[in-house]
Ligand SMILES: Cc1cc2nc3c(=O)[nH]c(=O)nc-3n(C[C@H](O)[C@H](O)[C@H](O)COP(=O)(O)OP(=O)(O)OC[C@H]3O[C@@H](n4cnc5c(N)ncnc54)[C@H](O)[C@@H]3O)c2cc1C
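Given next, in structure tokens, is a single chain: the form predicted on its own.
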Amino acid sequence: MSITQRNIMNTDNPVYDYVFIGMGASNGLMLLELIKRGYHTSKRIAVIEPHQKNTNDKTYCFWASPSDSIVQDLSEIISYQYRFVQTHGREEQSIENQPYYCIKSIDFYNHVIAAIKVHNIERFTDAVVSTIAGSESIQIVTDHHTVYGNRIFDSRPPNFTPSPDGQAYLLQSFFGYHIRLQNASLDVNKFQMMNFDVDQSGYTQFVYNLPYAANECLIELTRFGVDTIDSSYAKKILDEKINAQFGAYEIIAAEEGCIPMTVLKHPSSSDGRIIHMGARANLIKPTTGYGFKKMHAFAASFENQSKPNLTKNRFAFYDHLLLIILIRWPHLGKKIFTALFQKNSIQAIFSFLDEKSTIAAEIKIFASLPIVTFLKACVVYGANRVSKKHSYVIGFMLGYFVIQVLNPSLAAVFGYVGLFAGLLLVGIPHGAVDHLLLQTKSFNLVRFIVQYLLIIAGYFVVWYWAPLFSLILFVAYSAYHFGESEMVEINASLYSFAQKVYAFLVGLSILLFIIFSHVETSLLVLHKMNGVDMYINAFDFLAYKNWVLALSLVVLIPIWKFSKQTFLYLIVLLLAGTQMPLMIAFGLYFVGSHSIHAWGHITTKLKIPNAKLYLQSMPFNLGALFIFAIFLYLQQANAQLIQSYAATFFIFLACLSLPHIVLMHLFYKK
């Protein structure tokens, strides 16, 4: 009985300090780094890998200075290094200062497996079925065992779902031969990359050539495209290319694979004890497929205070533009890469691909490329960054400001009509499906409606007897509701008390920004609420206006870290609202951000199509409008209670939203 089997059979299974799920390049490099630091002497380490890793299934290549740590750490398994490179359309160039290194995957696997054996690291030849987070450790269920770990390195391949717009996802597929030449002689110090002198077939296709000996090399056909390369097609192309360039040959082995090319990001683990690795950690460069060097840097930075910046926003933007071009205009790939290699030194290109180039160098590189094509890609990129639901809101804002320049009075009418339409389409409907949020087997619709209406009526009575308390309560629970929805939209957690406090501050900042950017109008509305006006007069709101506006924006800044798009969209809405009347400004946020996002959360979680959900909301939409009509009637009947339509609107929202906010909170929590 092995040690592993004996441990697993114990009632108290051991808890490993580190567990590696998968033992490919990323986890292999991390394991070697932990051993290098001596962690294996004081920590329990386990590896879970279903495959024997006894075949040479790929080649790891990278360029680096001979003094770089990646070369020093892996020098004993580097199989080949090249000091010259030939690219499409250029004579060979020296890369003495940054040779191109290659490691056979079988050599890497054997190196890691030897380290596992030497240091008595436990290995499970299992496939992981699931991981379950416990309070003290992570439970890893495999097809044969259950393993427990405090820190998990998870390198399982991510499942990317291509974006609906199709502009951020394609494939890098390849098929290659390890061949032996009968007559030709190769320069073992020179490799060839991105040779486009092959059939393109409506894609971007090129050949790599890595010499292993004077009469032996790896020659590989690669395709950038939405379809993977067919092996029979690749064999035909390679046979023609090899015969034309080298003559007779024999095949030693074949190699094929496929790498996603995408700027879509696999989300980080919500549990800090689980560390994503490799492609799961977004360490593969979208436009090249290179990742080995980044994986080594990621491992070297583990638990270090100073970590390298492995992702830079502008390079993600560059990658996105190239992907757009390769998807929309694949025939231009050859032209772009040919220009890149003909007009720039290989050292400049290596620095650019390593994401270490300066902005000045990047400008020079883009100046050498077909600029019109990249400008067209920029337009597509911008259009795709705005979702369909947001495009309507942006269109409304643009329409409002255009009309305002021509006729301010007409702009106001346009704004109020747009507000009313938005409330009918999504503002009220997103709260009119509350009966679907927490349904159970014992759910009774009639009882639900009665309880819902009683809460609304009860709060309305409270408004009558204690308007100031009701106003403060409304602001407080609305602030948390708005902030909670924003946090869900950006996939931020709401588990800790501090996170809940920040959600409240986000919502409060949004409300205060809208109120204080229309402070004069807001005061007029508040003055017309009986029982509130006396307290309003005691505070000088105007004196604090600029401070409140500035602090509100500062509170919102951390949203940028989670979602730049959401942050920018929110700021645009708030700033645009400063140039609109108070009710339209509030409606712009309430409908254009909060309601749209909440509706999306509901349709996603309940898995109900938009049209069907809207039909289910119709009876309650009509009910909400009926309640609003009663409020308007009460305005006419009791002018002392509510003396303006604006006040009616806000009190109506306050009373109607109280049960909705409670239900949405429970829905988000569930």
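So that there is no doubt, residue numbering starts at 1 and follows the sequence shown. Model, not experiment: these values are computed from the prediction.
What follows is about the form predicted together with the ligand, which we do not show.
- Of the candidate stretches 600-608, 23-31, 37-45, 615-623, only 23-31 has residues with heavy atoms within 4.5 Å of the ligand in the predicted bound form.
- Annotation: in the predicted bound form, residues 50, 60 and 127 each come within 4.5 Å of the ligand through at least one heavy atom.
- Checked against the ligand in the predicted bound form, the candidates 581, 399, 458, 157 yield a single residue with a heavy atom inside 4.5 Å, and that residue is 157.
- Exactly one listed residue, out of 257, 89, 558, 395, brings a non-hydrogen atom to within 4.5 Å of the ligand in the predicted bound form: 257.
- By the criterion of a heavy atom within 4.5 Å, residue 432 is excluded from the residues contacting the ligand in the predicted bound form.
- Mapping the unseen interface onto this chain, residue 291 counts among the residues with a heavy atom inside 4.5 Å of the ligand in the predicted bound form.
- Interface residue remark: residue 284 is counted as part of the site for the ligand in the predicted bound form, having a heavy atom within 4.5 Å.
- Put simply, residue 428 is far from the ligand in the predicted bound form: not one heavy atom of it is within 4.5 Å.
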